[in-house]
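Next up: a single chain in structure tokens, the form predicted on its own.
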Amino acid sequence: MEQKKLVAALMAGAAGLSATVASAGYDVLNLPLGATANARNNYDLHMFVLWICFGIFVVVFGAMFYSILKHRKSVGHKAEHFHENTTVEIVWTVIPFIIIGVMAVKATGGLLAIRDTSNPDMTIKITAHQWQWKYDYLQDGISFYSKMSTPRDQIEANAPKGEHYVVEVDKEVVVPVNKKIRLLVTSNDVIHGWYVPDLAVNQYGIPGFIKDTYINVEKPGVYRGQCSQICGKEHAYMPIVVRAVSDDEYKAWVEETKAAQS
């Protein structure tokens, strides 16, 4: 009786989870497609490996359940006694080696693409602080700090939460689309992480070091991220907002920003 209750509870829980997943959409459970070539490469690699894992799951568990069903004692089968099958050992060594090799080649290509910061169209230096970001546009002579703009009463009191609660800033990082933008990331105090999932960037900022990566945003839009390294009590309040605009809009923003800073 207790077993029946347990099974019923598990089935009800599974049904509830399935309904939740269905209503939320599969996109919340997967990597984002993103807005850069690197983001799509990451997504394709993720799906490639996922389908390989699924295939292994089907083959291994299929063989296991087939053996359990067709060779059970109740239908008259008796246990075999054998060991050291050289052919089987070679097969289950070579096949995983080939699978891992294929995945390694595909992953290495994507990693090399992400690390290629040569010949950028522009460079932005990003310096992390507890708990805000400083951006220096090296070609355009622009420099500003960016910090969270969510009101504290939304965090510490019962004020209604905004649409972009704790992922909104007072000054956005504005970049032109279809331009290779090199990012130089460092830190002024402790280790931080400049993380924007849709742009496939998660670069650590380490005190005393400058790490580089790049973005090339292919479509206009607003892309949000946060610090990915636990950096202190305000770690959760270090959002990043990147606004990608057309080249003309970017030039207008540069002129406007320079005028405001002069």
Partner chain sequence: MAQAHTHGKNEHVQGHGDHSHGHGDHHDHHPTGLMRWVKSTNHKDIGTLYLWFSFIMLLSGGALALIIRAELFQPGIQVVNPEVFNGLTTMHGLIMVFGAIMPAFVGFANWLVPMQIGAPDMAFPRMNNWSFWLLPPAAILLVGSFFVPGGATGSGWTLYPPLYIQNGIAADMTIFAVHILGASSIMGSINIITTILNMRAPGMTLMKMPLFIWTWLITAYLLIAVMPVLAGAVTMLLTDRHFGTNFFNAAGGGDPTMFMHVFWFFGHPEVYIMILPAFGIVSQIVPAFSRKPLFGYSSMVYATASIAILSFIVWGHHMFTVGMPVTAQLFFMLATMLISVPTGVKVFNWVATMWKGELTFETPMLWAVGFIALFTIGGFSGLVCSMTPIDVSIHNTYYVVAHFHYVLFSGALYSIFGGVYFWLPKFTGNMYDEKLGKWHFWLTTISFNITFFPQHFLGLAGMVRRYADYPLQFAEWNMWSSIGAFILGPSQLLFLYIVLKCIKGGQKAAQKQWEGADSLEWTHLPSPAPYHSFETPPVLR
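This structure is a prediction, so every number in the text was calculated from the model and none was measured. Residue numbers count along the first chain shown, from 1. For the two forms, the rigid core is made up of the largest set of C-alpha atoms that agree within 1.5 Å on superposition.
Not pictured, yet referred to below: the form predicted in complex with the partner chain.
The partner is absent here; in the predicted bound form, the one residue of I114, V174, V177, I142 having a heavy atom within 4.5 Å of the partner chain is I114. The partner chain is not drawn, but in the predicted bound form it has a heavy atom within 4.5 Å of I100. Although the partner is absent from this view, A104 contacts the partner chain in the predicted bound form, with a non-hydrogen atom inside 4.5 angstroms. Remark: I155 counts among the residues lining the partner chain in the predicted bound form, judged by a heavy atom distance of 4.5 Å or less. K219 falls outside the set of residues with a heavy atom inside 4.5 Å of the partner chain in the predicted bound form. Taking the partner from elsewhere, every residue among V28, V166 and Q203 has a non-hydrogen atom within 4.5 angstroms of the partner chain in the predicted bound form. Residues are counted as partner-facing when one of their heavy atoms sits within 4.5 Å of the partner chain in the predicted bound form; in 75 to 91 these are H77, K78, A79, E80, H81, F82, H83, E84, N85, E89, in sequence order. Core-aligned CA deviation for N119 between the shown form and the other one: less than 2 Å. Once both forms are overlaid on the rigid core, the distance between the two CA positions of N85 between the shown form and the other one is 2 angstroms or more.
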